[in-house]
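Here you get one chain, nothing else, as structure tokens; it is the form predicted alone.
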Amino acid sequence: MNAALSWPCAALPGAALADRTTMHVGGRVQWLLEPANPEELARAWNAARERGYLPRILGGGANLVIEDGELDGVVITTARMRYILRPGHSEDPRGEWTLRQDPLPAAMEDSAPRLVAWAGATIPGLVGTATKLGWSGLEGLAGIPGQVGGAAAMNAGGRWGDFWDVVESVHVLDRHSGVLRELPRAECAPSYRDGGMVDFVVLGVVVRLVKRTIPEVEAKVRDYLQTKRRVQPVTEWSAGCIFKNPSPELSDGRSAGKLIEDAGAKALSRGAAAVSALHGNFIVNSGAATAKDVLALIEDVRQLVRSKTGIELVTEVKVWRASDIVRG
């Protein structure tokens, strides 16, 4: 490792990653880069590629399990890219979002309220901002951890709606050319738990909302949070839902959580990792779990459901393995 290697943004050699994830497991990475804005991220990405690395992007660390040990290569974190702005306003103390057109395009000159959120803005922060303004559309994401970039990449959501329901456009970095682009919603093809961003790094989004009253939006957020807290381990360390829901035709309408519960898999554990007593599709870390524990438990659950039902559950959570190829 060359600790003196120069990067176009803040950089940490040998950085620990576990506490940067919601599951709190995982090892270290050779280089962790911390850009402060979208253009700096683009420069960091291109610098890594020029040096032979294929960077991994780390958002809020939800929906992710990082293997134990040391990961080769470069991870770029969006943790410092947390701005949430109103297009045409000047909340950004640095003056402008460099990827924003100003004045607003004609397509945005209507009465619908919008928020611009950089990739590192948290989902709770975005929901909270919209709630304080009385703008509706994000309430169904209340209680979902993570950041905007990850939410756009995986189309995060649940029973009350998905992130891409309100996305009007997305600012991205082309993974192949290293060029910045803006993609309107019509040019994207998001689907269930897939934002269709495989060729792009999400730098920020514009979300289009609906004007309501503040009490109306507050009430919906409060109701959704209360419901989730009754049935999901929202205050415990987890990566969110582990498996995608299978086709209703295949599962007789049962969700992944219901299949896991029916198979008796809620009793399973490995070390300090256990299937949640509240929701079968969550694995929780009681504080001392390792990634090895979590990954082994995922396979235990998958195997038990397969043996009981014949259904092969597909993982929704992403896994970073030390053996992954990160040079290119």
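Note that residue numbering begins at 1 and tracks the sequence as displayed. If you're wondering where the values come from, they're calculated on a predicted model, not measured in any experiment.
Unshown form predicted in complex with a small molecule; subsequent notes refer to it.
Just one of V116, I144, V74, L138 comes within 4.5 Å of the small molecule in the predicted complex, counting any heavy atom, and that one is I144. A heavy atom within 4.5 Å of the small molecule in the predicted complex is found for exactly one of V166, A256, A153, V170: A153. Look at 182-190, 125-133, 213-221, 236-244: in the predicted complex, residues with non-hydrogen atoms within 4.5 angstroms of the small molecule sit in 236-244.
The putative spot formed by P13, N37 and Y53 is not touched by the small molecule in the predicted complex; no residue has a non-hydrogen atom within 4.5 angstroms of it. At a distance threshold of 4.5 angstroms between non-hydrogen atoms, G61 is in contact with the small molecule in the predicted complex.
The closest heavy atom approach of G157 to the small molecule in the predicted complex falls within 4.5 Å.
Contact between Y83 and the small molecule in the predicted complex is not found at the 4.5 Å heavy atom cutoff. In the predicted complex, at least one heavy atom of Q232 sits within 4.5 Å of a heavy atom of the small molecule.
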